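One chain comes next, on its own, written as structure tokens: the form predicted on its own.
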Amino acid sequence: MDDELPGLLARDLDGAFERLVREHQHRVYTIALRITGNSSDAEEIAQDVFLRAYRALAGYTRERARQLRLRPWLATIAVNLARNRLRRHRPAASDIDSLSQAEVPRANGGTPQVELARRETAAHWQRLLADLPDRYRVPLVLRYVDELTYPEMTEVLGMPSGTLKAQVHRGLHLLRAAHDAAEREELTA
């Protein structure tokens, strides 16, 4: 997918740009959604990512465009825009709850009870992820939602791989601790 697309973009930006959007729109939207916790913000961020990408590509030399690694490049733009949005507006718990219901795809063939349980579980983990500090949430999103490698994450976030591994490890530890605390609270309620 990414191997030939930079060359196509270098040769014919207008002709190949739709393909770039089609192949990467879900990933960009998902990154923005998991960082901001708000589907409206994520939609706006995704649109802005592609607008900025188009403008940047239009100014690049053919050689620079051909050498682009699209996934980390687009992820970098998405993360930066999502962080900027968060600085202006932190999502409320109600935003995350409504997001959880709207954004979790429906499982095929599940009973209504199974579907409800799956959605509640997804909403629970989304709330826990949204409550993490940015320095842990963003690496977790890039690693486990966008499935970037550590070298790609280094490109996106400009941090050493060891630092990112530590942040992912710590973020997972914080998620588990928050999950365990929520389970204990539920048992005592």
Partner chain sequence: MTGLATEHPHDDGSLALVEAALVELRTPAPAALLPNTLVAAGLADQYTVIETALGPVFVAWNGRGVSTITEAADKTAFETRFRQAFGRPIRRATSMPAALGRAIAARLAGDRRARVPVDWRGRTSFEQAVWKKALEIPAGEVRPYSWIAREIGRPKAVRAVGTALARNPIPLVIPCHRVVRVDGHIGEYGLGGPKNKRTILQAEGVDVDGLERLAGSGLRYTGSDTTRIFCLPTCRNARRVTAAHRVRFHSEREATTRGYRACKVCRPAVAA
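Positions refer to the first chain, counted from 1. Predicted model only: the values in this text are computed from it and were never measured.
Keep in mind that the form predicted in complex with its partner chain is not shown, yet the notes after this line are about it.
- When contacts are judged by a 4.5 Å heavy atom cut-off, Glu147 counts as touching its partner chain in the predicted complex.
- For Leu57, no non-hydrogen atom is located within 4.5 Å of its partner chain in the predicted complex, even though that partner is not displayed.
- Though the partner is left out of this view, Asp134 does not reach within 4.5 Å of its partner chain in the predicted complex, counting heavy atoms only.
- In the predicted complex, its partner chain sits within 4.5 Å of a heavy atom of Ala122.
- Screening Ala53, Val156, Leu68, Leu33 for any heavy atom within 4.5 Å of its partner chain in the predicted complex leaves a single hit, Leu33.
- Within 4.5 angstroms of its partner chain in the predicted complex, the stretch 17 to 33 places a non-hydrogen atom from each of Phe17, Glu18, Val21, Arg22, Gln25, His26, Tyr29, Thr30, Leu33, taken in sequence order.
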